[in-house]
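Below you'll find only one chain, the form predicted alone, shown as structure tokens.
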Amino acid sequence: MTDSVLLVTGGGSGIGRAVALLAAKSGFRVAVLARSADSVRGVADEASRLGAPKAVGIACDVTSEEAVVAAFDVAEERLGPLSALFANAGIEQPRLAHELSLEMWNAVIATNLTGTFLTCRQALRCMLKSGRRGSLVLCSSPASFAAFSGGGASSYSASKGGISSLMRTLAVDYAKYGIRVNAVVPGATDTPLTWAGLSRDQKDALRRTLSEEIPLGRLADPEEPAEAVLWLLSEQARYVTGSHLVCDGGILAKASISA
């Protein structure tokens, strides 16, 4: 796959990092984007060690149209025409709706939904310009389909629901160009976002709660949803578009009531 170029947003840690590294092992050229220049350089260096013919780390704030366009320009200049995208950058502001400020709401929507739109739009422009067939994978969530029993996810759920709707529309609109668009739906995964802002005791308590509630009895390792992403990007999924690939340990299959 030395001519396949993958761009990953939110690639400095978690699932994005795992996707970049698995893609490197598969021979992709990899562009890793995140806000932290240090984190993306580190992941790009690791991707090169794991087999990526070329890898580049690019600091990018996906809420900025100018930054997204510039990052794609650098990626294509360094790696060649884009053929694959994992739109993964995301944040969370866990608050009940009456406690959620407009600033917090806007920050989540800007990063998760608008950032995904800007990233996909630029990827589509690049693919249409080069005439290459391609594959886009967006990062959705079980929150697109059901409310979290823990509550406080109104902005996050709205952003991820928008991503799922955006994915379906893009899949239909761009199928005629040979561009597939799908979404992965990771469940609770052992990533920095899951533990953000929690003390050690809170982390331990949340891990126990999640392990009890997830049918498979544990959180996912980042590599597990990453493998789902790589499958959606691959030729094995060449007839799959407009679909969600759920990788959640059984969360969406389970009713929340216990009797």
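Keep in mind it's a predicted model, so treat the numbers as computed, not measured. All residue numbers are counted from 1 along the displayed sequence.
Only in words, not in the display: the form predicted in complex with a small molecule, which the text now covers.
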TODO: Counting only non-hydrogen atoms, choose the one of 138-146, 69-77, 97-105, 175-183 that falls within 4.5 Å of the small molecule in the model of the complex.
DONE: 138-146
Task: Contact of A89 with the small molecule in the model of the complex (heavy atom, 4.5 Å) - done: yes
Open item on the list: Within 4.5 Å, heavy atoms only: does A23 come near the small molecule in the model of the complex?
Closed with: no
TODO: Using a 4.5 Å heavy atom cut-off, state whether V19 contacts the small molecule in the model of the complex.
DONE: no
Open item on the list: Taking the small molecule as it sits in the model of the complex, is G12 near enough to touch it, meaning that at least one heavy atom pair lies within 4.5 angstroms?
Closed with: yes
Open item on the list: Which residue, V56, A52, V62, L233, is the contact with the small molecule in the model of the complex, using a 4.5 Å heavy atom cutoff?
Closed with: V62
TODO: Work out which of T189, Q122, S155, S83 lies within 4.5 Å of the small molecule in the model of the complex, going by heavy atoms.
DONE: T189
